[in-house]
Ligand SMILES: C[S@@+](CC[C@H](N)C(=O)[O-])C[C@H]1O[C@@H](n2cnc3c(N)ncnc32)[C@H](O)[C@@H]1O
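The form predicted alone is given below as one chain in structure tokens.
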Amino acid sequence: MAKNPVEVEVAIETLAVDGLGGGDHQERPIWVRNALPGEVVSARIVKRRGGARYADGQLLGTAHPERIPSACQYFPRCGGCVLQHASGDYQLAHKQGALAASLKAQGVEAHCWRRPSSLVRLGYRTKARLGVRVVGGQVLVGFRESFSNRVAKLQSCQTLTPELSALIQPLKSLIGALSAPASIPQVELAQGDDARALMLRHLEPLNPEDLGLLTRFAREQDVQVILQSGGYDTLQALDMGQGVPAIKPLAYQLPEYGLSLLFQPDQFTQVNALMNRELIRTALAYLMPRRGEVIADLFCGIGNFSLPLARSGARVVGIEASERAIASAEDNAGRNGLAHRCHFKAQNLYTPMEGGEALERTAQAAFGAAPSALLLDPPRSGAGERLADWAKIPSVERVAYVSCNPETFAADARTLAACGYRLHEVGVYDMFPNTSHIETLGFFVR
């Protein structure tokens, strides 16, 4: 933070991928939150990094035609959202433009663009990590403030589901009553279709009185409380005096496919349930699984795409680095009567060990045939160096690629183009409305 914040008048010329309005001040770039292109704002500089300035913005004069009143009283101070001031249509156009720019930079042209998909703008987020801080005896629980590590002062959150938002106030009271509230740096919230879980990070041991308060909180709020003294390997269910304590999995339904998937509260799942269903529906419409064909689901997680593919008649080879995720995928396949159509394997897909020949051998051993299609859902780092090896498998003819990073998606699209694939159709899916996050689904054909 600047010791003496300076306010300057700035003409906003662009909107960056991260949702900040861009202009110039004294021949140096300045990035302003709560600002849109074409607006003139009073920018209060609060941070300097490199040669750039970062500022809070207050509109002066005429507003951008797509500016709307924020639905959230904590915007823009809270950093959980960056685009609450822009209409939904403008946000989608901005995100599609960012994806198009990334593809153009890699020399990739999409044959068709799918209309951007958005289903719900508020109350969608089923998972979140919230910071905790005690300031002057007051407990704060919320997202970090923009341009700062400080915790925003929230009473509620319209981005979280109503069920998770309702926990913020009781959490503040709970933490304030613990013996060492300053030793609680964060909480993580997770929600399934019918239950909620809270992971409480604590830097100091909890005493019996603390555990009693947590037990009462869990019962009153009907939420599973999980204690975390270190990394995720230290997660431990709160002893509620009802037998051996065990962490209970959460669940979400994919009703279109008659599926129910269990997951541990700390495991990765998509945070927007409706948009996740739309992604699955569209990916399967692209791939059109033929009964009995083999499809490789790479970075398969707990089986979010694998099981719908199997339910549609395909035989699925699912590969994922996390052994816990693979165990969950196998359990989900068994519970849904699809074990005979799924073969899961724990393997780091970024190592040479899982190239094209290895993937072919895995599929042949499991189902007696090589894969004819790929489904990719990698982390932000992209598919990695093995992508070309998988794409060159002679039997593979189509690829559905789900991405959370337009830059790595575009780079991988270039790799696929070099392997003889065309980006047949691509589209933006608003998995995180009002944020800068861009979710993409692309369909490639050889």
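Note that residue numbering begins at 1 and tracks the sequence as displayed. Everything numeric in this text was worked out from a predicted model, so none of it was measured.
Not on display, but discussed next: the form predicted in complex with this ligand.
- Residue Gln270 is the only one of Thr362, Ser372, Gln270, Ser312 with a heavy atom lying within 4.5 Å of this ligand in the predicted bound form.
- This chain is displayed alone, yet in the predicted bound form one of Ala86, Leu154, Val225, Leu349 has a heavy atom within 4.5 Å of this ligand; that residue is Leu349.
- Residue heavy atoms within 4.5 Å of this ligand in the predicted bound form occur in exactly one stretch of 298 to 306, 211 to 219, 194 to 202, 73 to 81, and that stretch is 298 to 306.
- This ligand in the predicted bound form is not approached by Ser118, whose heavy atoms all lie more than 4.5 angstroms from it.
- This ligand is not shown here, but in the predicted bound form it comes within 4.5 Å of a heavy atom of Ala321.
- Though the partner is left out of this view, Pro379 does reach within 4.5 Å of this ligand in the predicted bound form, counting heavy atoms only.
- Scanning 165 to 194 for heavy atoms within 4.5 Å of this ligand in the predicted bound form gives no residues at all.
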